[in-house]
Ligand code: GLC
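In the form predicted on its own, a lone chain appears below as structure tokens.
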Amino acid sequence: MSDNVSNQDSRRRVAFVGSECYPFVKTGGLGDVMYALPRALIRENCDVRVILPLYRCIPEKFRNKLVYRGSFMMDQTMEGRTFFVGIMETVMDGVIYDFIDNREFFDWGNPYTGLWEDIPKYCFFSKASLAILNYLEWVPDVIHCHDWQASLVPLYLRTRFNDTPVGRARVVLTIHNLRFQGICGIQHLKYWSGLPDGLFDYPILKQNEDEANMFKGGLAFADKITTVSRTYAEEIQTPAYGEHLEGHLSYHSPKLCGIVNGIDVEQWDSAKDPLLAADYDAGNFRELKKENKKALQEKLGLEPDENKIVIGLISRLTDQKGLDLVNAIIPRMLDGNTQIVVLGTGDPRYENAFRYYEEENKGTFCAYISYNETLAHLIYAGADALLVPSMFEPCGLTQLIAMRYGTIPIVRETGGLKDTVLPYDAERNEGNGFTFGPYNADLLLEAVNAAKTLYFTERWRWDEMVARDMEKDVSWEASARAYLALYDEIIAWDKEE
């Protein structure tokens, strides 16, 4: 039974627990991280398992590849009701994916249905994730949990599973989106979790007299808390970004750190992208990037003119993304030398505003109110600059993709945008984008105008910045090494004790 003994060799064992993972099921950035980080850790000589619910919405082509690994009954709820736990498994790129099968909880279609139904679902999921690790006799060194849906794992680990083999593991909890916390009535969570009454106090699960907060409890019990950028780790300890958990996070700040996300540099590679009009790299972009600009202009009905600056925006059309600032300055951006391309869907008031600007500025402004993967790639390649003026942005991926494609980011200094985009310094001819600080439309316009000035008056400096951006390491490798250092730190605690 040597397979269940951890720390016998140099390969670290890491179990990922989360509610979604590309390509099986994805609604946001969490799905990308659950896919990319395990693959990067495999390349760093780790053994990795990813534990997911077996939702009905997972495409049949993936379900058909799943292999049955076993099943058992598990007690859940305050009164000890038992539920079926099935284990279906597949392996992809060296990562083992274990899907928890239970039709009562996961056979509803979409991953997230409504908080009242989701609370029982993710109580079961958190407990079952630990139970299957024991069942499979695979004890990880670290269990890495993600967002509120997996936030009860640390509490179960240190209570119900503390004296079992999996109880030897350390646990990390990552905040991807602090806005959603799994808040519900205390009695509702008490019943479905079956956790000890002593956990339902203010320092742990209690939110107020009537409500419990799953994320709050997980943050209290995790060995380490991470979020997806260093700046966001600081911001969430303030009232402006803390979503009413700023005091709790400040208290736990000694175990809180930020590690910026990467991107899949195989999926996003301007030198090998079949969706582009012409592939290019840092050595030949001056000749070939303009071919994509021409193709973008022709595809969207913009006036074909390589001398005009094209500014792109690829985003969910919501307040968080700073679109009220963009909406306020569009008339001043359209100066005869500028074209703007918007791709995305969301709030109808932004959709309608951008449609209006397109109607009034045919050939200069295009609003593509949908999502189109091919067009997204072409905008990253064909635009000269990309707007990311977010109100808040835990990490952000669009600015990383833009840099990979030699498209200069214009961003607000918040979260991961601040951590990844160094503002241009004319005196030193350094930096990889243009930035602004306070959330203000005039300051965004100043940043846009600074970019335009450099583009039109000192193109050689602009091109040097493009080359710097294309050569910047935005892969998952650096992030994976930072997580490995974090894992090693908490694994070493066992040796010290």
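Not measured: the values here are computed from a predicted model. So that there is no doubt, residue numbering starts at 1 and follows the sequence shown.
Below: the form predicted together with the ligand, not depicted.
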Exercise: G431 in contact with the ligand in the model of the complex, heavy atom 4.5 Å: no
If you check in the model of the complex, is Q320 within 4.5 Å of the ligand, heavy atoms only? yes
At the 4.5 Å heavy atom threshold, is R170 in contact with the ligand in the model of the complex? no
May I ask you to state whether I51 is within 4.5 Å of the ligand in the model of the complex, using heavy atom distances? no
Candidate spot L30, V33 and N261, all three touching the ligand in the model of the complex (heavy atom, 4.5 Å): yes
Going by heavy atom distances of 4.5 angstroms or less, which of Q237, N361, N102, N177 would be at the interface with the ligand in the model of the complex? N177
Note: exactly one of V310, C395, M403, V166 sits with a heavy atom within 4.5 Å of the ligand in the model of the complex, namely C395
Quick one: which of 323 to 331, 276 to 284, 152 to 160, 395 to 403 gets within 4.5 Å of the ligand in the model of the complex, going by heavy atoms? 395 to 403
Quick one: which residues from 302 to 316 get a non-hydrogen atom within 4.5 Å of the ligand in the model of the complex? R316
